[in-house]
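Consider the single chain below, provided in structure tokens and representing the form predicted on its own.
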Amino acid sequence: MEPVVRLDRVSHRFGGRDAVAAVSDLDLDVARGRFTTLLGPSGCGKTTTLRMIAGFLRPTSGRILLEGADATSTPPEKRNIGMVFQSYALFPHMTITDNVAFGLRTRRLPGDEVRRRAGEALELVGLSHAAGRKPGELSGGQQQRVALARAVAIRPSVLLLDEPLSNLDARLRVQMRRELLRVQRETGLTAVLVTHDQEEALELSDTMVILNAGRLEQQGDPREVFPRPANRFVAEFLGYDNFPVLPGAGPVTIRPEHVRLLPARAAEGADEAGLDGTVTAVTFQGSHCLVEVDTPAGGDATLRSVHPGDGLRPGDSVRVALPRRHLVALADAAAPAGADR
């Protein structure tokens, strides 16, 4: 099936003679009816990519295809794209209904069609009761749902979401993630979300695209990417915290919750790699402790383990057990996350 959005070796550079590449030779397909997230740290190129899809920025090189047609030079208003911004971008003097209907009216649809579709969109996000209010009378979460309804009402080919939840508190972000996913599933919309929040990407994504310094590091189903990061950058960004070099295994990574700490003279299991170590720090984190252990492993010799922490103190000797089924071999282990490459 033809992807709704295809980026064909797309690049964008800012500046003149000393131009900086915000996005470099990016190939990306956005499948119909799927939820795609662009994930990465600040400055990785994800918002630039979204703005090029929307038509607000033109690629320095490469092509953008929408519904199979070359849209590289097509202006934003002719792309049939819905967009939800971080700042909501609602008109404060308009009612909620008029805000939602704005895009429909600019498309010169008949009045009864505008009213019907605006009403359907507000019902979809659970705000029919607020139709006559103004944005200033609503909470931040409600305003974001109005912005979502406005974008959905035009029935876009693709819905673009530029970190729409970052201004909300932690509890409301979780609630709105579920709301976004529900709306996308109920409507069958093709959605592309920009975020720096790995939990958000893991929960929402059908396809997760991880960017770094304008380049694609890894993409795929989160259930495949999360347990098998391709390289150190992806691993660190997804919360892997250990990067030992083990004899016969080379550079590997393992998540702290998979590292077992045993008494100093205990033996690890037959399916585990074992290292002697000395506890250097025990940090209480509520339901558990994060224990740091210095070991003779190559690479980053300090290993971290999620552990109850009972009785462990800095200076204690322990045996570190690394289950082989949780060790992930890395294609590279040289550059720490965040380093420009």
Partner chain sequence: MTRRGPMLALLVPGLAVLVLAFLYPVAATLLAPPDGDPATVARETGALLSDPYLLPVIARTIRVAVLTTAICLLLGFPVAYLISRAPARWAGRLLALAVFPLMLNTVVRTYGWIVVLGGNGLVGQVGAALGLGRVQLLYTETAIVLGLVQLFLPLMILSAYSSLAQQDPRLEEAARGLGASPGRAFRQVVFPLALPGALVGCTLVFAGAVTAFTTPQLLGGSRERLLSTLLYSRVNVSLDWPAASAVALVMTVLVLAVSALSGRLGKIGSTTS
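Computed from a prediction, not measured in an experiment: that's the story for all the values here. Here, rigid core means the biggest group of C-alpha atoms that superpose within 1.5 Å across both forms. Numbering follows the first chain given and starts at 1.
Another form, the form predicted together with its partner chain, is not on view; read the next lines as being about it.
Chemist: Just to confirm, with a 4.5 Å cut-off on non-hydrogen atoms, which of R265, H93, R223, R178 contacts its partner chain in the model of the complex?
Modeler: By the 4.5 Å heavy-atom cutoff, the listed residue in contact is H93.
Chemist: If you check E120, E257, D98, D206 against its partner chain in the model of the complex, which one has a heavy atom within 4.5 Å?
Modeler: After the contact test, the surviving option is D98.
Chemist: Let me test this: is every residue among I81, G103 and T106 within 4.5 Å of its partner chain in the model of the complex, going by heavy atom positions?
Modeler: All of them do, each having a heavy atom within 4.5 Å of the partner.
Chemist: Spot the stretch among 208-216, 195-203, 107-115, 235-243 with residues whose non-hydrogen atoms come within 4.5 Å of its partner chain in the model of the complex.
Modeler: Answer to the contact question: 107-115.
Chemist: Contact between G126 and its partner chain in the model of the complex at 4.5 Å, heavy atoms?
Modeler: It does not: once its partner chain is placed as it appears in the model of the complex, G126 has no heavy atom within 4.5 Å of it.
Chemist: Answer for R304 alone: is it within 4.5 Å of its partner chain in the model of the complex, judged on heavy atom distances?
Modeler: No - in the model of the complex, heavy atoms of R304 and its partner chain never come within 4.5 Å of each other.
Chemist: According to a 4.5 angstroms non-hydrogen atom cut-off, is S87 in contact with its partner chain in the model of the complex?
Modeler: Output for S87 is yes: heavy atoms within 4.5 Å of its partner chain.
Chemist: Would R173 count as touching its partner chain in the model of the complex under a 4.5 Å heavy atom rule?
Modeler: Close contact is absent here: in the model of the complex, R173 is far from its partner chain, nothing within 4.5 Å, heavy atoms only.
Chemist: For the heavy atom contacts within 4.5 Å of its partner chain in the model of the complex, list the residues of 37-66 involved, in sequence order.
Modeler: Counting only heavy atoms within 4.5 Å of its partner chain in the model of the complex, the contacting residues of 37-66 are R51, F56.
Chemist: If you line up the core, does R260 shift 2 angstroms or more at its C-alpha between the shown form and the other one?
Modeler: Moves: no, less than 2 Å.
Chemist: So, does G132 move by 2 Å or more at the CA between the shown form and the other one, with the core held fixed?
Modeler: Yes, its C-alpha moves 2 Å or more.
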